[in-house]
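The data below hold one chain only, encoded as structure tokens and taken in the form predicted alone.
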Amino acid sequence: MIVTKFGGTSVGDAAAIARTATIVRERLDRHPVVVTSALAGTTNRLIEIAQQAAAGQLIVALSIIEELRARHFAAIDALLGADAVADEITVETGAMFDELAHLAEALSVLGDLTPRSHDAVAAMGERLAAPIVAAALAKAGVPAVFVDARRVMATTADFGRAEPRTDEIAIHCRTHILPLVRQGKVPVLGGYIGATAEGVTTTLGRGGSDYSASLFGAAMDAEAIEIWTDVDGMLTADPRVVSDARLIEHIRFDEAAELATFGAKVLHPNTIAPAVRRGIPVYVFNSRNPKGRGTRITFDAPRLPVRAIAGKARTVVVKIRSPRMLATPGAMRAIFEVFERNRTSVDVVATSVVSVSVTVDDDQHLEAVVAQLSAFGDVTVERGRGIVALVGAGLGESTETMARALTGLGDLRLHMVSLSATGINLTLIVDGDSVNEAMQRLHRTFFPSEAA
């Protein structure tokens, strides 16, 4: 049994869903379970609906709802034509859009967008898409059956970023999914969404459809998890930045997680964790190029000094300096407790005898962080920085590689350098507007053009 997850672009319109049907049909002998995202762009529009309604702009919100309604009806018509199944799906879809309109009206009256109501609206994309995809697969000859993911994905009530309850998910998979697979059916579930023990709808956070696929795969001890998207797999760099980036055919789990954390957009970092624990390989394929080799992510890829390069701009550096700080027992713990209390994640850490420097992406609570850190010493904040990460499982064993990296950057200014404790990641903090240039220079250093 395999789990196949199709992203928004793989179910973006009728033509994309038809391609998805072909891919699933060709895998029937492997007993696929299908996890689908919302139609491309739908989740962003749903969030806009919630925000506009809560801000009192009900007419704007309702107009977006009608736009989405027309789009989904058009997809149903193109995929299913005119028959009893199409009529049933149309009625169910219309009822969900009516529900969405009522939610928007309620938000407009309340004037407040709570995390719970935000999830109720944002979850609509997958709730709408999964029945349509299931019906389209059935129309194409796949024995597909829609399963409401909220009956399977048990979560906490942490709305917006709910935590999965893995033991309960495994029980629900045995109850609602595996019997269908044994009958030769293809279960189709929405990703990203779940429900509390009380049945309240939740979401796993952005990128959560990948996470859903991995959680389902781990719960059922799947043979493999396939992530179908609009790129050929993981590459040695972002192709929008490095034009000659190359396909990575085989990569280690830990390398893929590092790349995702430091800017690679193909995979959500949490996607890796459930599969890692069970040793399940993850594949990344392009639904527009289904015959492509794709990327295989496993434990046992060869150890290379440099597998790929990732980067992201808009990073903030926070520096805490005090002559007595590091000589004080518990000072480091107390500093990081400040970030924890303010729900601010730290990416990179560098220390000296009298200072600690960290980078953060989310500066939403930075003012409170800085105020509380001031108790330890002088605090400075440097905005407009960027992170470039050199990732390879064998990096820490190669001093020459690290030297080549610093040489390859040439005259670009460095603000911080950090080698991870496991030696898998050399992180370089540069000016934000130098991230692309740094990535290009490093790629030329470690992946020189074959034509050169």
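Numbers follow the displayed sequence, beginning with 1. Every value quoted in this text rests on a predicted model; they were computed, and no experiment measured them. If you superpose the two forms and keep the largest set of C-alpha atoms that fall within 1.5 Å, you have the rigid core.
Separately, the form predicted in complex with a small molecule exists; it is not shown, and the next lines address it.
The partner is absent here; in the model of the complex, the one residue of V231, A313, A101, L304 having a heavy atom within 4.5 Å of the small molecule is V231. Proximity to the small molecule in the model of the complex, defined as a heavy atom within 4.5 Å, singles out one entry of A135, A222, V266, V121, which is V266. Shown alone here, R240 lies within 4.5 Å of the small molecule in the model of the complex, counting heavy atoms only. For L235, a non-hydrogen atom is located within 4.5 Å of the small molecule in the model of the complex, even though that partner is not displayed. At a distance threshold of 4.5 angstroms between non-hydrogen atoms, T9 is in contact with the small molecule in the model of the complex.
Partner proximity in the model of the complex, defined as non-hydrogen atoms within 4.5 angstroms of the small molecule, places exactly one of 356-364, 72-80, 152-160, 222-230 at the interface: 222-230. For I17, the Cα coordinates differ by under 2 angstroms between the shown form and the other one after the core has been superposed.
Once you line up the core between the shown form and the other one, the Cα of V242 ends up 2 Å or more from where it was.
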